[in-house]
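Shown here is one chain on its own, the form predicted alone, set out as structure tokens.
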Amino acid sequence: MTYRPFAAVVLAAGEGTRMRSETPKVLHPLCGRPMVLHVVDALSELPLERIVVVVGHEAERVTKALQEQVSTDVPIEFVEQREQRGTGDAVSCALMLFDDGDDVEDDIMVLPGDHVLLLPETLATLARAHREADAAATLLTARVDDPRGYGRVVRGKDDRVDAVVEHADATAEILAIDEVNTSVYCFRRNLLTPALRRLSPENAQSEYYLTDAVEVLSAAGHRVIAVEAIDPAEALGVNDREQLAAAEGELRRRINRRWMRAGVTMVDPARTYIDATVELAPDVRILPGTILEGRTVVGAGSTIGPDTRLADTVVGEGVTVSSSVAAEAEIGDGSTVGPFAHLRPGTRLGTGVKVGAFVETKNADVGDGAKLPHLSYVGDAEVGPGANIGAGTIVANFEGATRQKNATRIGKDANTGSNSVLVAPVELGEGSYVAAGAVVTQNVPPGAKAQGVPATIEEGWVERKRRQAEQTEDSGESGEATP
């Protein structure tokens, strides 16, 4: 077969009034990605040389979102449809970017920006059938139980497609047809361009229908064929919030099936919500009520849930996170988080860290083996390896008068007692202690103890306690009475 260039046109100009939203329809998120990006993702298996996106309503906003988030290596170009005059007019706008003449032998695929359930293999099958048949146009069709609202596919001799009739323009006989147009096509561009010039807005919506190009090509004697989608769900566009929810449900089922086949355990897939952008290693175990969003990554052997939400969070290997929330955080190998912990942006936990019940962290760097067991707030802080943060410890990082956030540094193996307050900026030296209920307003040297309100510093306290303990132990071994 002679090589022909291949391009795609994605129609993303519509306002989507039935969504009743200030957000352009094609930017409504499904599984963590704007609707239109799911359509672009579905083009991944095609040998495309370019993708043209037709924008209109909120054109700058749609263009910016695609430029920032698209992951394909295929060049993407944008053209604006300034007036919403129908799909035929939208494709005519796109073809203005093809400035190499009408006689070039190439193919284009046209698809709507709201058909989020299209599968890459389905589009590949459509393109292959189109080229093998050397057709002027090839339609992706589906047979659905309720064809209301869809254009009907009218077939003629040799099962070729004669026309597509929109629901509003159809007779009772045509409405009885259950094969519907999905609005996904392949065209020979040198045949489509003149066909678009013959379109007329004389129809129920006073628009230029791309579907009318099918009848123009067929009437001119060109070969027009159809490929029926195996899964009728692929025919579904998203026009309102109910359809948005239905599409998201199907996308989530696909995502969950893919991860389970890759070695991830889901105790209850129906109550597991994973964005398309999440990465999971084998032997991850996900318990019911878990929501994984954005660029979250979970390492091998980790258990997440139940009732946990992680957004843009990196989780190491062998980690347990239960009934907790984390956003823009890092959790090191072997750490445990929860229940009821809240890791806010900027939190970084080293290896083997324990963050327990009702602990909140923000912009906190917690060293290996440190423990924040319960009922504490640690913000804008460095917590050294092996440190132990007692119940109720508060890092008072906010200066009300100046409205500044100040830093706290807690040294290696330091310990804070219950209900203590560290008034930033302050530093606890290595191995230092803070007594229960103390309010620390000055630096505590290594090995010292802070106690009282405000806390006083007793230097050398740790060493004296250690010597006393050794003396007590020695006295007990010799049989002498201990004090």
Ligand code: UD1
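Heads up: residue numbers just count along the shown sequence, starting at 1. Note that the structure is predicted; figures quoted are calculated from it, not measured.
There is also a form predicted in complex with the named molecule; it is not shown, and the following applies to it.
- Checked against the named molecule in the model of the complex, the candidates Gly369, Gly237, Gly390, Gly338 yield a single residue with a heavy atom inside 4.5 Å, and that residue is Gly237.
- Only one of Ala137, Ala90, Leu310, Leu199 comes within 4.5 Å of the named molecule in the model of the complex through a heavy atom, and that residue is Ala90.
- Contact annotation for Thr182: at least one heavy atom lies within 4.5 Å of the named molecule in the model of the complex.
- Remark: Arg85 counts among the residues lining the named molecule in the model of the complex, judged by a heavy atom distance of 4.5 Å or less.
- In the model of the complex, the named molecule sits within 4.5 Å of a heavy atom of Glu166.
- Contact between Tyr150 and the named molecule in the model of the complex is found at the 4.5 Å heavy atom cutoff.
- Note that among 443-451, 429-437, 412-420, 22-30, the stretch whose heavy atoms approach the named molecule to within 4.5 Å in the model of the complex is 22-30.
- In sequence order, Leu11, Ala12, Ala13, Gly14, Arg18, Lys25, Val26 are the residues of 8-39 having a heavy atom within 4.5 Å of the named molecule in the model of the complex; the partner itself is omitted from this view.
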